[in-house]
Ligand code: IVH
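Only one chain is included here, represented as structure tokens and corresponding to the form predicted on its own.
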């Protein structure tokens, strides 16, 4: 009994200490312990709880470690729809929204029009349900009416309280996100070709993982912005945010009560620059009517509430100087010009390089070396040159000269008629192309060979240990151990990963081969039409062109690939390595909801990456295309959709949102 009492006291102290350090790290941004020291505290707690399992409670920090494997997330219905907010980039729209709300309330004889301005976190919306002070459910937004129960993953997030003061059954909504530092650490731990484009994508992907232990390893945070179910429903929104803080939730702290329009404008202007100093990504300001009791009076459209709006900051621009242009060689021999810029701070980070895409784009911009240029971050992630400051063009500018030879191997460059890019034709010997093909073959969407990153590929090609992907499967551990920064354990991991890749599908192998114009969707169509490489090799261009989504250009590219003298020997090598040169079974069709539909995705999706969304369509009988035509049956438009959406609307093609797409599944 004495041991149990002492253990209970020690466990209580450890829990209190761990939660204090969690708060310091995630809320205050003032950590007192290193990661190693924090992990040691957690290990002590877990060891004690294993020794005294009767002392384990649902709110213990040990329950954040994860470990459960979820085969399928159960669908749950939200108590009230989780509506998305209307977005605007125009100050005039903000003024119009403010005046419209004021006018609608005046018609009701109400003169309460105070607004709460909050920073808009760039993350993923979730709903939390608390009963008797304990977290009982965490769910994704889904289509707004129904979402996925991801409680097992939500419990791993340190800033989601597992236990709060018992204030009845309440719902808390907010945003899961990754701090910049945690995102960078996650990306550093992954092969370069598998890194996430931005923290939001990383967060969305992580929440969908079926292994909660892996979720726990990827540090995520939560900020609360909505509280429903409290006893006094007349409590204003600003006061509810304060109550959330008292209950132990992070609200981001950066919100303000705005009594008039000029207060709103000042808040937006203030955070336009200050937001870059925050440890997390924000992309705008959310405005909500403070008087919650009036929300129902104003109501909502089919998608958005009339009492709130989201102001999105426009893409950030900066002026700099184009110092030089270098030329990169891709896995297909494509030459891509890259601008080397005078380093400049843009959207919170220093930019020194930007792609110029191709030589037609250089001509369109009229850009020259030493020019003053305007750069912009597309989606606040990818920098690009958008214009030249012609009135400030210096006298020492030099034209950007198209290289006549490959910068990697010296082979004369060629340009196919009708194409904008130049190519290096030395496919077999050009080191850059060999490296590119190896990295493509090993990438997550292809054969998913973990441990084969850029640094190792560079070594293998430089010492000519590997000349094509077939050579990978004949590498021996003693050879690998001698390489720089490898060692026995790393060599074993790579050999094991190569062995595991043999079990991947024939469809994946088709994509991994890197045939020009053959993406994942095309590889899937080919695998169904020609269930073996032997059958595919024997198909004529005319036969291939009849396969859905494969026209004359793709058909010609496939035949060109198999006509190369080196291909038969290469395929023999893959066969000897035990790779799947034929389909073992037909692809399972989940339902026929997309039967006969050709679907195009444009813009960014919140809940799916493009590959996953495409597979969902194909598993339901549909096809995915990359260009809009009159034959396109459906366009799924995410955020920042671009010109494909405009074309679809002109052609009268049906356009749906991500929510509608998810409902169609």
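Residue numbers count along the first chain shown, from 1. Owing to the predicted nature of the structure, the values given are computational and were not obtained by experimental measurement.
One more form of this protein should be noted, the form predicted in complex with this ligand, which is absent from this view; the next part is about it.
- Query: Which one, 275, 219, 141, 372, lies within 4.5 Å of this ligand in the predicted complex by heavy atoms?
  - Reply: Contact residue from the list: 141.
- Message: Using a 4.5 Å heavy atom cut-off, which residue among 121, 594, 511, 311 comes into contact with this ligand in the predicted complex?
- Response: Exactly one residue meets the criterion: 121.
- Among 445-453, 534-542, 96-104, 78-86, which stretch has residues with heavy atoms no more than 4.5 Å from this ligand in the predicted complex? Contact criterion met by 78-86 only.
- Query: Quick one: is residue 202 in contact with this ligand in the predicted complex, heavy atoms, 4.5 Å cut-off?
  - Reply: No, residue 202 sits far enough from this ligand in the predicted complex that none of its heavy atoms falls within 4.5 Å.
- Item | Any non-hydrogen atom of residue 227 within 4.5 angstroms of this ligand in the predicted complex | No - in the predicted complex, heavy atoms of residue 227 and this ligand never come within 4.5 Å of each other.
- Is residue 491 close enough to this ligand in the predicted complex to count, meaning some heavy atom within 4.5 Å? Contact check for residue 491: no, nothing within 4.5 Å of this ligand in the predicted complex.
- Message: Within 4.5 Å, heavy atoms only: does residue 441 come near this ligand in the predicted complex?
- Response: Close contact is absent here: in the predicted complex, residue 441 is far from this ligand, nothing within 4.5 Å, heavy atoms only.
- Message: Given a 4.5 Å distance limit between heavy atoms, list every residue of 279-297 close to this ligand in the predicted complex, or none if there are none.
- Response: Residues within 4.5 Å: 286, 288.
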